[in-house]
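Given next, in structure tokens, is a single chain: the form predicted on its own.
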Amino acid sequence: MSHDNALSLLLNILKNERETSLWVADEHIPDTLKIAANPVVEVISNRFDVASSLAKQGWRAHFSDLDFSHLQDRSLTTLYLRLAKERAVVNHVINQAARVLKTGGQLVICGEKKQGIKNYAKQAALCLAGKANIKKRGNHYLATITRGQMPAALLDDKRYSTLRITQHYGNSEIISKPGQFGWNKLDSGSVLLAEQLKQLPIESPETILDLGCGYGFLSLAAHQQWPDAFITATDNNAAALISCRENFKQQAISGDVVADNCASNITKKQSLILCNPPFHQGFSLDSNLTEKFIATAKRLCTPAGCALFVVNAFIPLERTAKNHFNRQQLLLNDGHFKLFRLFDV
């Protein structure tokens, strides 16, 4: 992952904060971040790994789907955000800032021009009925929006907290919500993998792991193919877990939905592992993510089992996979995606 100057700027400010404040730690924060805890700053993160790591370092960190319900109206002096990738997430945070900030309190947003920070600052100023002060720092910006006396109309956050039917697959309705990657569409790579499940010469697996499950699409597809299998779905993102749990409930899927960082706390071996691994962290490419997911698949795969991975065609998964699995079978390459079966025997 490339160095994030906007995040560095925000972290330097957080170190010196002296008033009751909130830091919204979204997908830009690496789980390896080391920063001395500031007791006056509370952290809300929708990333399980980030919340866990910061809590271990002494921060008052909570893992949730950016849930502000425990905060009283006009109780905070400052709210900090490194600009998130999804507009609904940013608008949700701005809307919450309008409620929880004191009159004269400040919403502080860091980001780059190409990421739309100037427009977000202007919209936030309208929502908070205040003024925006935008300062350029190299190729990134620091926007400070002061909350006015009477906040105006809220921004469109796509009904952030509301689950809804967004897609259909087979006879199944798929439930999702904003706050996760691809929340309102079927991922083409995952659909490709799901369709191949019907053709692969795989005996009915007893246990299946949906690694990086999102809202649980691959779990739904696997359940349609093998309704008696016990499926464990795991993800790092709070919104994804909420959606996936609801899909398991609605489809009566036998299994568990687990909050975890790339299944690091899961120990039970799996007959079949399904994965469409992420390759972005925030706005940046992260080349280490694919290997992290492959290493986890190797650790959790039974000796006679296999892992099915679908990746964008430009990702050299086969080079990484050979360091972990004895065999890498390319099942399909349509020019956009590659589908691999990884196994040992």
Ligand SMILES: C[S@@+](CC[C@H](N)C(=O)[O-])C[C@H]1O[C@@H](n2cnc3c(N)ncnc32)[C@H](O)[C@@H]1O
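Everything numeric in this text was worked out from a predicted model, so none of it was measured. Each residue number is its position in the shown sequence, starting from 1.
If you look for the form predicted in complex with the ligand, you will not find it shown, but the lines that follow are about it.
- Between the options G130, G105, G214, P205, the residue in contact with the ligand in the predicted bound form by a heavy atom within 4.5 angstroms is G214.
- This chain lacks the partner; the member of E112, E86, E246, D260 within 4.5 angstroms of the ligand in the predicted bound form by a non-hydrogen atom is D260.
- Judged by heavy atoms within 4.5 Å of the ligand in the predicted bound form, the contact stretch among the candidates 90-98, 181-189, 116-124, 224-232 is 181-189.
- At the 4.5 Å threshold, heavy atoms of H62 stay clear of the ligand in the predicted bound form, well away from it.
- In the predicted bound form, Q270 stays away from the ligand, with no heavy atom inside 4.5 Å.
- Within this chain, E318 is remote from the site of the ligand in the predicted bound form, having no heavy atom within 4.5 Å.
- Looking at S176, you'd find every heavy atom of it more than 4.5 angstroms from the ligand in the predicted bound form.
- Contacts between 104-131 and the ligand, taken as any heavy atom within 4.5 Å in the predicted bound form, involve no residue at all.
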